[in-house]
Ligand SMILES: NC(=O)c1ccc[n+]([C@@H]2O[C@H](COP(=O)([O-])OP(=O)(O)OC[C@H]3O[C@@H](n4cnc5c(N)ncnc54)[C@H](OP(=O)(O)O)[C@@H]3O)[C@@H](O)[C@H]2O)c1
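Given next, in structure tokens, is a single chain: the form predicted alone.
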Amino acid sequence: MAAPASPHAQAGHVNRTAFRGAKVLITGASAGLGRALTLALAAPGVDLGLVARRAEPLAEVGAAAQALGARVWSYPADVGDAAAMRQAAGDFVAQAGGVTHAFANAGISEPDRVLQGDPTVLGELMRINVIGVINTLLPLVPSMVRQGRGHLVAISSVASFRALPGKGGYCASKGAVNMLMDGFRPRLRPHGIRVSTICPGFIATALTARNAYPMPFMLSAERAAELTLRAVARGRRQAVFPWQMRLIAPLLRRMPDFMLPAR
């Protein structure tokens, strides 16, 4: 059996010049895309603030990033907890001496359960996917304004372009993220702060492993991280990938209801 590739090899090509000396806060860093982003960025001279709810896997990815040369501060926290996120943001800025990038990556996906009449699941989904983005990014804005530079990144989804049966809440949460970032962008541009929204298709993670329906054009977390960082390095306002999903996205908005799969 061949030896496993190193995290850097798995992540593909990342423009390290664009992130040299970066000070990056990443939520949802313990697994999936967040873990892949962490390991792709980890290098000597890079400071990483890692946030996730599960302390043990967070510590593991933090140790892996340190082994690659990065300085790491780990914050076991729930992105839906505004006070905890303010504390994590403040501590990271103080420890790292500033912040250059923030990736609001943490998110959940649950079925709507409309027929059961239970709003609890959708309320939690909005708390994590929408309020969590706000709690992650806004506490860092004052520091970026003082610096005169920074880059806010939110991980949205191709699902943000069209509500799907059984996933209306998830799609709505990602659509809300798109609107938030579109609103933040012109307000923050005069202060030297860039704003990017990343809309990937299906990524092979523990969340998508639960889906019992076809997921075309699936990407590995490492490939998704590579494409995300490439878009951020180029200052893209919005990035949709893979390319097949970029072509399909405009068509989703026009698709009649009868063509959507019932779930």
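Residue numbers run from 1 along the displayed sequence. Just so you know, these numbers come straight off a predicted model, no measurement behind them.
Just so it is clear, the following notes concern the form predicted in complex with the ligand, a form of the same protein that is not shown.
S157 belongs to the set of residues with a heavy atom inside 4.5 Å of the ligand in the predicted complex. Shown alone here, I128 lies within 4.5 Å of the ligand in the predicted complex, counting heavy atoms only. Not displayed here, the ligand is approached by R53 to within 4.5 Å at the level of heavy atoms in the predicted complex. Taking the partner from elsewhere, N135 is found to have every heavy atom lying beyond 4.5 Å of the ligand in the predicted complex. Judged by heavy atoms within 4.5 Å of the ligand in the predicted complex, the contact stretch among the candidates 137-145, 178-186, 113-121, 75-83 is 75-83.
None of A43, A31, L227, A64 but one reaches within 4.5 angstroms of the ligand in the predicted complex through a heavy atom, and that residue is A31. Of the residues in 75-110, those that come within 4.5 Å of the ligand in the predicted complex through at least one heavy atom are, in sequence order, A77, D78, V79, N105, A106, G107, I108.
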